[in-house]
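This document starts with one chain, in the form predicted alone, laid out as structure tokens.
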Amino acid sequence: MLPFEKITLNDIVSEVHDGTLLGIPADYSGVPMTFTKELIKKKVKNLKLYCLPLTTIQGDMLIGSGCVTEIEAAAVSLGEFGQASRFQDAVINQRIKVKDSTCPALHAQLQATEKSVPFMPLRGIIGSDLLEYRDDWKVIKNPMECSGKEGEEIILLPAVQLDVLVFHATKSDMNGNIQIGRRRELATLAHASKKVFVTVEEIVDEDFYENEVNAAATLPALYIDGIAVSKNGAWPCGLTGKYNPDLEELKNYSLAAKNQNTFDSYMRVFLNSDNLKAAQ
């Protein structure tokens, strides 16, 4: 008997409403693609995506499906398969608002929420043209005299708290702890989210905290609001230690996404497919 209640994909999808600020993991961090499919089927609107630090097929699909009105990210790309065409089309035609950012800034804003402070200082983006387009970032004089630099500028970035985070992981233990490996950005996302849901390949009959090595690669259950088992849940993206990306499927998507008509045709098939063809 598990000490927590397993939920379904639909239970997770029901927690995401129109206008939700949704946390988006990078393609190497466990992309919850079965969740994404069900979210698109729900026809949710006006999502705001916060990517740490980027998104690939997940974000592009959500944008192409008309689910997104705003995105904050360091990059939106299909990687070796080229441009994220539905994202680019939405930007050109002004269907979404883009809050252009950079990796350290995205981390810093979430870290401010982790620490329960209203902002986080950052130095490295001073001089960047990003500042011209981010009126929510404030440049001030460093108030600390001990810096040894008279008149030094520092940037203050506002804390960001996400409404919902969803990611995919290899496994949960019997107590609801999640194995995230070296993907510590998932911990940052979780700490800065109001609700956190995880899809996993399996739930195993062990306690990750009984082993020092496993414990260091674990996100504690206290940050998790629900877990759903979803076999091959990251497909066609890969999952570290479990299966590789389906390069043929990612290529097919990149070609189909080049215009809205072929994207729509691809999605009609994709949304009704199962994930059994994912790499084992």
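When you see a residue number, it is the position in the sequence shown, counting from 1. For clarity, every value in this text was computed on a predicted model and none was experimentally measured.
The same protein also has a form predicted together with a further copy of the same chain, omitted here; what follows describes it.
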{"property": "Stretch from 43-51, 213-221, 228-236, 62-70 whose residues place a heavy atom within 4.5 Å of a further copy of the same chain in the predicted complex", "result": "213-221"}
{"property": "a further copy of the same chain in the predicted complex reached by all of 7, 13 and 35, non-hydrogen atom within 4.5 Å", "result": "no"}
{"property": "4.5 Å heavy atom contact, residue 200 and a further copy of the same chain in the predicted complex", "result": "no"}
{"property": "Proximity of residue 204 to a further copy of the same chain in the predicted complex, heavy atoms at 4.5 Å", "result": "no"}
{"property": "4.5 angstroms heavy atom contact with a further copy of the same chain in the predicted complex for residue 156", "result": "yes"}
{"property": "Exercise: residue 240 in contact with a further copy of the same chain in the predicted complex, heavy atom 4.5 Å", "result": "yes"}
{"property": "a further copy of the same chain in the predicted complex - contacting residues of 167-186, heavy atom within 4.5 Å", "result": "179, 181, 182, 184"}
